[in-house]
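The chain below stands alone and is given in structure tokens; this is the form predicted alone.
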């Protein structure tokens, strides 16, 4: 059996999504395992990360594996001019799996083509972040009891937000989703994703404001306006605080609604939301450990 990678969320089938949900629940119920005993996992983070890197490393540790790698490319031979090709070829000699974050779109797919061991994309530029999507789906499943018939509000940076791109593609595999895109024109959902939904006959709506309509939402997915994706700092300043979710805005929302955020948060969710039972983003981050345990185990055919 050839190696299996997770580069795009579309690398998994709907059946695999559901298997990951099932495994995530099992790992949450029993997080101390020894499935990775004797295995070495490389975490190569060419771009800063807190939650993704630490939750992957926590997942590996809980599964009994060893971790090698770097959290700063300046501490690797990349700083000496080594190519991505050579870095991946070299590391695949040392590890049973590579988990990589890189600022360049398409870098993870290239790494998978070069590597002799499975590769997980931990984020490639503004492209995709599939493991985040799977933990988002697990969070939605836990809080809503379903992945069908959901009304989702995706708010903020929908142009560069790789998490919303992947989530849209994954949930399109389930019954009757409705997507509400809330973004300024500068950060609107790219046309390719809207065309994708149109071809599948999935409803979506675009909004400039969301205060008066979030009472329809099952999930409010807030995103950070990503300063690092802007070439012009003036453009960033124009849109950085365009949407701020505050506690009083949630007064008439559905009882089941949950607020998700891939984090880090800047100003887009006021701290007065944190104590509201509808806030789920910190638990969502915790769910990442169990989901990433499930992904690693699945790709290595351990579960």
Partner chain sequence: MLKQLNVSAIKDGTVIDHIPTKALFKVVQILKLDEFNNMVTFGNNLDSKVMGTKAIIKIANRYFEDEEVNKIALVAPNAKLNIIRNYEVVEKRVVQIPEQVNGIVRCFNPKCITNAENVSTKFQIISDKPIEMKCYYCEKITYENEIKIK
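Since the model is a prediction, treat every value here as computed from it, not as a measurement. Numbering follows the first chain given and starts at 1.
Same protein, other form: the form predicted together with its partner chain, not shown, and the subject of what follows.
Novice: At 4.5 Å between heavy atoms, is residue 89 in contact with its partner chain in the predicted bound form?
Specialist: Contact check for residue 89: no, nothing within 4.5 Å of its partner chain in the predicted bound form.
Novice: Within 4.5 Å, heavy atoms only: does residue 85 come near its partner chain in the predicted bound form?
Specialist: Looking in the predicted bound form, residue contacts with its partner chain include residue 85, since a heavy atom lies within 4.5 Å.
Novice: Could you confirm whether residue 142 comes within 4.5 Å of its partner chain in the predicted bound form, counting heavy atoms only?
Specialist: Judged by the heavy-atom cut-off of 4.5 Å, residue 142 is well away from its partner chain in the predicted bound form.
Novice: Even though the partner isn't displayed, in the predicted bound form is residue 131 close enough to its partner chain, meaning a heavy atom within 4.5 Å?
Specialist: Taking the distances in the predicted bound form, the answer for residue 131 is no, it never comes within 4.5 Å of its partner chain.
Novice: Partner absent here, but in the predicted bound form, which of 179-187, 107-115, 146-154, 213-221 has residues with a heavy atom within 4.5 Å of its partner chain?
Specialist: Contact-bearing stretch, as computed: 107-115.
Novice: Report yes if all three of 8, 103 and 127 come within 4.5 Å of its partner chain in the predicted bound form by some heavy atom, otherwise no.
Specialist: Looking in the predicted bound form, the three residues 8, 103 and 127 all sit within 4.5 Å of its partner chain (heavy atoms).
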